[in-house]
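Only one chain is given next, in structure tokens, and it is the form predicted alone.
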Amino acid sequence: MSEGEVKMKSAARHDRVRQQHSDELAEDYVEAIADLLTKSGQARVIDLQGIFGVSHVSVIRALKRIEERKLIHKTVEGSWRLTETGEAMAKASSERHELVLNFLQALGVSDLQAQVDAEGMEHHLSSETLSSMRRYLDQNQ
């Protein structure tokens, strides 16, 4: 393999990782917005700051990128709402999170650690792995 081919493969791998991180951030935000809307009827920047523990500027930047993907939109009152696509993403993310959490707890992982681990794992597991987890839970609960 030539040096140019190696560089192209490396660049493609890094592009894929950046896209995965972008998707993970979007999933976390739409899931948080969905939770806020369910609990209080509004999702404000200050609410998201509290959830993610980041600055106002960081939340604004993330929301702008997510809005560009047509997953959310801002209301005239200043709250954020999910588009249909955003709602579907939030639902799928929440379902994956619950599945991974339940699986880890079924293995005996403590509730707190299972919560922490599920938060990261939910974004990186294949559909095959998720199906296997679901099957395991169905057979062992």
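Heads up: residue numbers just count along the shown sequence, starting at 1. All values derive from a computational prediction rather than experimental measurement.
Beyond what is shown, the protein has a form predicted in complex with the DNA; the following relates to that form.
You can rule out all but one of 112 to 120, 90 to 98, 30 to 38, 59 to 67: in the predicted complex, only 59 to 67 has residues with a heavy atom within 4.5 Å of the DNA. Though the partner is left out of this view, residue 73 does not reach within 4.5 Å of the DNA in the predicted complex, counting heavy atoms only. Contact check for residue 54: a heavy atom falls within 4.5 Å of the DNA in the predicted complex. Contact check for residue 104: every heavy atom lies farther than 4.5 Å from the DNA in the predicted complex. In the predicted complex, the DNA sits within 4.5 Å of a heavy atom belonging to residue 45. In this stretch, 24 to 43, the one residue having a heavy atom within 4.5 Å of the DNA in the predicted complex is 25; the partner itself is omitted from this view.
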